[in-house]
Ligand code: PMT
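Take a look at this single chain, the form predicted alone, given in structure tokens.
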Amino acid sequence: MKARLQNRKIVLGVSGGIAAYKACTLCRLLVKLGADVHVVMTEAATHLVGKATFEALSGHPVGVEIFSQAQRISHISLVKDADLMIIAPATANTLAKFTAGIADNLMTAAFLAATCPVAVAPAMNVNMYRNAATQENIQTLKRRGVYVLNPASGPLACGVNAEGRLPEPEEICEFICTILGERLTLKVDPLLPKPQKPLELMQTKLLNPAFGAGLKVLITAGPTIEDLDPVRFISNRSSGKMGYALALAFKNCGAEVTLVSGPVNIKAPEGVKLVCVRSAQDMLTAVDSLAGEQDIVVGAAAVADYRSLSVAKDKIKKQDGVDELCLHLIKNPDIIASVGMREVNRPYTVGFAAETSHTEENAQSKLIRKHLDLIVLNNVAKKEIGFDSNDNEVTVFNKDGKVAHFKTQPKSIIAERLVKLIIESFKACL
């Protein structure tokens, strides 16, 4: 995990909201992941959390005063060679200053001087957040290329239960890893499409979170369970990690995501619509009812190929003198093929091929046979990747052949690369 942010310079801005205490945990997590963290605070923030706390956590002096004599923490040197600047929490006042281009403290001056990607995590009273001025400021920052992590809902310091909470540090950390993932893998994946040039001077060489805005995406994930009797079933070792990572990556790109999931032990990403199913038949019903409304469907689930012809009402018992049990299995429906073969309202369709031998040939054969636009191959014979692993290595094909190969790395990073490739391929077909 540490390599995800190894040697990445991150400037952490802390403005004067009550949620400033969460920035301490965020700082610690970023350092744990290998980041070189430099903290800048507003004067108001120092009344909530002391400078000494962040200096101990980051190992660097903390910047507050814009006229500090410390050369290393001037607004120019602070963001020089930075990979990312993130403000968490970002108050309504700070967002307004960013939008207006006001540079009256070290943080706002550093924001204007930054040429790296910039992200903000708004946190404030719900009425302040919903105020038209704040919402307009947020939209303006998004248009300028600033990454915005929407606030969470829950108990606020003012006593109400509503949106305005700073997301948990772990979620913010994952958001940061998502943004910086492009830089982490670009050098080792030469077939990855080149980053888009920024539309404006403000940020960013990376994928903008609005890249997938307006898209409706359905993803299947996890295994299916095919019952034999009340206590036994047929299934596989799929953990659902790849499908859930894709759901998060699509959501972070601004897409509206529906996740149709078999039984897994993973929490669905916040903001993703979760549809829980058990069997292949259940999954087919859910996908068929939703596929016509989608722009993109990704079949990442490991659907059982066969199910029992009939499910025993009672537990199947061992019989004396009988050493074998014969099961009558019938083929399950091919869910992603049913999407690829739709004649009306067909979405852009992406399949997964888990193979153990003749991998590329089998994957390309499935692509044609199932009428897919893309297929993602992973060799599940390799024990260190694929099923029930945190890592994966995949090769992507379209009808013309190999499109990209992503070497072994965390599934969350693989998901980010795949989402970028899928959305670009989808848009190229419009």
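Note that this is a predicted model, so its numbers are computed, not measured. Position 1 is the first residue in the sequence shown; the rest follow in order.
Keep in mind the form predicted together with the ligand is missing from the figure; the text below concerns it.
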Which of these stretches, 250-258, 297-305, 91-99, 149-157, has heavy atoms within 4.5 Å of the ligand in the model of the complex?
297-305
Answer yes if any heavy atom of G351 is within 4.5 Å of a heavy atom of the ligand in the model of the complex; otherwise answer no.
yes
Should K411 be counted as a contact of the ligand in the model of the complex, where contact means heavy atoms within 4.5 Å?
yes
Can you check whether E384 is within 4.5 Å of the ligand in the model of the complex, heavy atom basis?
no
Would M107 sit within 4.5 Å of the ligand in the model of the complex, counting heavy atoms only?
no
Identify, from the list E65, E361, D388, E55, the residue with a heavy atom within 4.5 Å of the ligand in the model of the complex.
D388
Residue within 4.5 Å of the ligand in the model of the complex by heavy atom, from E168, E355, E163, E174, is E355
In sequence order, the residues of 233-260 that place a heavy atom within 4.5 Å of the ligand in the model of the complex are R237, S238, S239, G240, K241, M242
